[in-house]
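Below you'll find only one chain, the form predicted alone, shown as C-alpha cells.
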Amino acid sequence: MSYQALYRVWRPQKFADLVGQPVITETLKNTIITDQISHAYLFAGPRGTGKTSAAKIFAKAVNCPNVKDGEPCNECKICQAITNGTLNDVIEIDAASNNGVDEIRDIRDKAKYAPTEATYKVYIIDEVHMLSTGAFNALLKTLEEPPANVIFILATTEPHKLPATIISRTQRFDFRRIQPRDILERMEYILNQKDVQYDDRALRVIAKAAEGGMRDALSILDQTMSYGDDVVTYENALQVTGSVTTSLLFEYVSQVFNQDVKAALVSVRKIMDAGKDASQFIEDLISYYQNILLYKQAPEMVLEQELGIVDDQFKQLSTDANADVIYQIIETLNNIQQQMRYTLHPDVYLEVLTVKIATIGNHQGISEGADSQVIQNLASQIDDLKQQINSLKQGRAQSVQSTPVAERPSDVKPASPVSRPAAKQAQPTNRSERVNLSKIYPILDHATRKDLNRIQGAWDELVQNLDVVHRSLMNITKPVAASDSGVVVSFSYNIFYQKAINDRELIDAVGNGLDRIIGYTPDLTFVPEEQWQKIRNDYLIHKRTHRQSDSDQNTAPQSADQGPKTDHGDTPDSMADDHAVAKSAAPEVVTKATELFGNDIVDVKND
C-alpha cells in the first residue's frame, strides 16, 4: 500500500512541528537542555492533540547525540530508527489491548536491563487508563523506584480514571484543544506543500468540525480531497462533514424567530433531502445560537471562533434576538439531541423540534425588535381582557348595592373550599428548582473567607480545563461560599442549574479538577443565583434565632402577672427583653457573616 494518510505523513517530527501546545513544548525542550529529565511523565488531553507525537519526539530528543536547543536532529541513526519504530529501546504499548497484570509485570522485569543502543530506554504506554487495577498496582512499584536510564511516558484521554498514586509519581502535562486558527494555518501549510488547490471557506468548515483535534482535521481534509479529486471546495467540505451552509442556517433561524412555522418546516425538509446529518444539523444550530448570545456580549469572541466570517445578516439577527428565548431554544435543542440518539426517524424529531422552538416566543415576544403588527395584536387582546374585567367588576358592584342590607352577611366569610384548590394550583411547584438546604447549611457552618478565596482563585483554571460541554455550563457559575470540606456554587440561569444537578459526569469532572488544582475534592452543592441571597439571609436569621433561644433558656422565667400580655401571650417587658437579646446577639451574627462573605459584601439591616 503506497498511499499514506495525511496525519501519518505530516506527523510532527520535532517540537516546533507540534501545533497549539507552546507551553508544553517549551517545557520539554528546557528539560532536555538543562538535563533535568524525570523518570515518568503523564500526557493527558483530548484525542488528536499531539500526546503520542510529543512522546516520540521526547524519546528522540533524550537519545539523540546531535540534539540542539532541545530539538532532535532527525538525521542520525537513533532518530531515524525511532521514527520508523525499529529501535528496541523505545517501546510503544497500547494499554487497551495489553491491560493485564502479566503484560505490566513483563515490562517491569525487562525494564531492569540497560538499553542496548540508546542512552535511555523509553516506554510509551498509550491509553493508560485502560489498565486493570492489578496492572496499575504492578506498575506502581516500578514508578516509585524506577531503574536507572528508564523513562515512562503515560498517555491518556481520561486522566480522571487513573489512580491518584500513579498521577502523583509523574510529571503531568495537560494538552489543550487546538484553536481553529492554528488548525487552519497547519492545513494551509500542508496543502501549499502538496500544491493542492483549496477554498478558504472549506478549510474553515473543516477546522470547526475537527473540534480541537489536529488528527481529526487532517482526516477530514484527506476525505475531502478524495471526494473532490484532489481539489478542496466549500461544497465538498460541507458534504463530507455533514454541515449546513451558513446561509441556510440563517434562513432557518430567521424563520423560527419570525414564527413562520410552515417556511421553517420546508427548510428542514430541504436539509434532509440534501442528505445532511440530523444530529450534525442540531449541533450546528446550537453553535449558531451560542454565537448569537456571545455576539451580544463579546463580539470579538465570535470573530475569533468563526475565523472572521460574520456577515451583516448575522449581526442584525444578534441585535434583534431575545436572550431569554434563545436560552429556552438551546435547552430544547439539547433535549431533542439526547432523544435522537435512539431513533431511526430523525426527520420526525426535527419537524417536532421546529414547531416547538418556533412557538417558544409566543408569550414573551419573538425578539427585542419584533414585528410591530404582532405587538399591536397582543396589545389589542390585553385591552379586550381589561374591558371584560372592568365590566365584571361593575356588574358585581351593582348586584351588591341592589341587595337589601338585612340580607347581606354580617362579616366576611372565608373563601369556599372549591376556590382553594385553584389558588393552590397557581403556586409554582417546580421541584427541580428546590435547593437541598441540608447540604448547604453544614458548609455555611464552617465556611470561611479564606476557603472561598482559595476556590475562587482556582475557578477560572478549573473551567478552562473542562471539556466543551461542561465548560459551557460552568462558564456562568461562581463559588459563593466554601469551607475546608465543601463549596456552594451558584448558577446564573435556572435551566443550567437544573441540568447540572443531575449531571454526574459534570460533578465528577469538577471534583477531579479541584483535586488537581487545590489538592482535595470538596463536596459540591449547586444553587440558582436568584435564590442564593434568600438562602444566605435565612441562614443568618436561623443562626441568630438559635442563639436567642439558647439565651432565653438560660434566663429565669418571668411571673405571669408582671404586666399585660399581648395577643401572642408576651408581656411588653418580655418583648423588650427579647429585643435586647436579639440586639446583643447581632454582633455574633455579623461576625459569622463576615467570616462567610467578607466585610465588603455584608449589609446589616434592623428588623
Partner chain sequence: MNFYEVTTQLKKGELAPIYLVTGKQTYLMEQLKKQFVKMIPEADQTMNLASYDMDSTPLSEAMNDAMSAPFFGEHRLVIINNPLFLTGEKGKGKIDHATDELINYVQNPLPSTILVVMAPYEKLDARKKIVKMLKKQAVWVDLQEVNENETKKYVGQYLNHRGYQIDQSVMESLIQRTDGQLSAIMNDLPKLMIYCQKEKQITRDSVANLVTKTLNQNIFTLVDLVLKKQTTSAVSLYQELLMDGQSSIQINAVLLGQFRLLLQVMVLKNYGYSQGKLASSLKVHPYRVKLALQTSRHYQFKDLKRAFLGLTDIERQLKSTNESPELLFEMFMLKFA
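Residue numbers count along the first chain shown, from 1. A quick note: this is a predicted structure, and the numbers were derived from the prediction, not measured. C-alpha atoms forming the largest set that superposes within 1.5 Å between two forms make up the rigid core.
Form predicted together with its partner chain: not shown, discussed below.
- None of 517-525, 282-290, 124-132, 193-201 except one has non-hydrogen atoms within 4.5 angstroms of its partner chain in the predicted bound form; the exception is 282-290.
- Residue Thr170 is the only one of Ser219, Asn236, Ser254, Thr170 with a heavy atom lying within 4.5 Å of its partner chain in the predicted bound form.
- None of Gln456, Asn334, Gln533, Asn88 but one reaches within 4.5 angstroms of its partner chain in the predicted bound form through a heavy atom, and that residue is Asn334.
- In the predicted bound form, at least one heavy atom of Ile330 sits within 4.5 Å of a heavy atom of its partner chain.
- Although the partner is absent from this view, Asn84 stays clear of its partner chain in the predicted bound form, with no non-hydrogen atom inside 4.5 angstroms.
- Residue contact with its partner chain in the predicted bound form: Asp229 places no heavy atom within 4.5 Å of it.
- Mapping the unseen interface onto this chain, Leu294 counts among the residues with a heavy atom inside 4.5 Å of its partner chain in the predicted bound form.
- Contacts to its partner chain in the predicted bound form (heavy atom within 4.5 Å) from stretch 12-46: Val23, Glu26, Thr27, Asn30, Thr31, Thr34, Gln36, Pro46.
- Superposition on the rigid core between this form and the one not shown places the CA atom of Asp324 2 Å or more away from its counterpart.
- A movement of the C-alpha atom of Thr133 falling short of 2 angstroms is seen between this form and the one not shown when the two forms are aligned on their rigid core.
- The Cα position of Leu333 differs by 2 Å or more between this form and the one not shown after fitting on the rigid core.
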